[in-house]
Each structure stands twice: as C-alpha cells, then as structure tokens.
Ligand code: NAD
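First, one chain by itself in structure tokens, the form predicted on its own.
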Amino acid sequence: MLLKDKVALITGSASGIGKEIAFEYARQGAKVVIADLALEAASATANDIIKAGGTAMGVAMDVTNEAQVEKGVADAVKAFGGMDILISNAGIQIISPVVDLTLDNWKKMLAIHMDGAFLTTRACMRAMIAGGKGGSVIYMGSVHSHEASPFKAPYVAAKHGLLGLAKVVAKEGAKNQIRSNVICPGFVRTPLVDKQIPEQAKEFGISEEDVIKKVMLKDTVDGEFTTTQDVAQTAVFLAAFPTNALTGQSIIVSHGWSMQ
C-alpha cells in the first residue's frame, strides 16, 4: 500500500481518468477526496470506494470558483486531518478552428484548466505547508502539453501552461518538501475523447473510424489507446516517490505518440 493514510484530493474524479485514479489510490491505502461539479456524483463515487473497502468522501467543487475550492479543501482537511496529494484533473474539451473560436469558449477552457489548477494548488499547498509533512502536486496534462493538433487552440495552450505552473511550484515547494509533476497521457478512451470523435470527423470531413486510426492513434507505436489504468499507475508512482529528485517534470504516457 504505497499511499497508506495519505490524503489525496482529486478534481474531476466522478468519472474518467480521475475516477480510475481515485479507485487506485484507495487500493493503495489513500484517503480519497472526490471533488466534482455535482455533489451527488462525487458522493456516489466516494460511496462506491467505501463499499470496495476504501476511505473516501465527496465534495462539490467548481474548480473555477475560489470559494468552493477553499471550502472543499478545508472540509477535506477537517475530515481527514491534512492534505498530502493534489491531482488537478478537471477538464473539458472544445473543438474549433481558431478563426471560429469564440472568446467566451477560449476563456472557459483556460478558466477550467489553468485557473482551476492555480486555485486548487494554492489551497492544497497552504494545507500541505501547515501540515509540515510535504506533499505531491500532480497536474493532468496531455501529449498536447508538448504537441499541437488542429482545432484545439485553448486546450493546447492550457496544457502547455500546466508545464510552466508545475515547474514554478516545484521550485517554490521544495523547501517544504512539496513536489510537482505533470502526467501527459495520449488519447484515453473516456467520455471526453468519445465526444471528440464525431466532432473531429465533422471538422476534418472524414469518418469516425479514420479519426481514431489516422488522427488520434496514427503516431503511436502500436495503434492503441492509453488506458485509464496506465495513467492511474503513473499517478501512484509520482505520488509515492520519496524525494525531490523527481519534481518539475512531465511524464508522457502515450504509447510512444510523443517522445521527448
């Protein structure tokens, strides 16, 4: 149990990658805080973890809402006695060429991915420093933290931005034994990716099958999607790493799509 008794707050964890990480963290002994937009969904996932023998709680959290972030982190610290790990995972996707992208959609994407990462980082770092035990901040980046694809300007910009934030947090957090890293998955077959397939088929004027084979997976070494478990295992490794030797880094989990 690599994360025994560690308190981990995971945003966007009522579904997809975040949910897989939450269950894996619980199996590794962590006390998991499921933070999601809807309290009902967060609580349902937490209850599933509890039924499986883990320790969890759900909190409602719009990561762009400063008051909700502060309250969610405070409630978690009060319930579980501290904060050891943040997984900043909440995110959305909007597919559009730059020339058709609205300013509102640009701002919405950056608010969720970047403002959300900042607000949760600030709140959790304060709790980690107060606890005096150090901690680990993990951002859910993407292959698009290093690469670009058409029709994803705000997503690519935000995911690149997470690399910069992680490096600053690594430097500022070191004196308090707080590490910061970014996981950069390739395409993972989640509801977010399933939604993109018909959207990209429309934008590119190709079939959905060709989107998968010729757009999403064409540069992988084996034509396979990255799995949620691939990402969850990486998140365990980063959170459990014992020293500042591994901080300010990005780990690409993409079946070789991007090789840095």
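All residue numbers refer to positions in the sequence shown, first residue = 1. Bear in mind that the values here come from a model prediction, so they are computed numbers and not experimental data.
The next section is about a form of this same protein that is not shown, the form predicted in complex with the named molecule.
- The closest non-hydrogen atom of A22 lies beyond 4.5 Å of the named molecule in the predicted complex.
- In the predicted complex, no heavy atom of A56 sits within 4.5 Å of the named molecule.
- Among residues of the shown chain, F80 is not one whose heavy atoms approach the named molecule to within 4.5 Å in the predicted complex.
- Taking the partner from the other structure, the named molecule in the predicted complex has a heavy atom within 4.5 Å of a heavy atom of M61.
- Stretch 90-98 is the answer when you ask which of 174-182, 72-80, 126-134, 90-98 has residues with heavy atoms within 4.5 Å of the named molecule in the predicted complex.
- Note on contacts: among G223, G205, P198, P191, the single residue with a heavy atom within 4.5 Å of the named molecule in the predicted complex is P191.
- For the candidate set I138, I112, L119, V169, a heavy atom within 4.5 Å of the named molecule in the predicted complex is found for exactly one residue, namely I112.
- Residues from 1-27 that approach the named molecule in the predicted complex with a non-hydrogen atom closer than or equal to 4.5 Å are G12, A14, S15, G16, I17, G18, in the order they occur in the chain.
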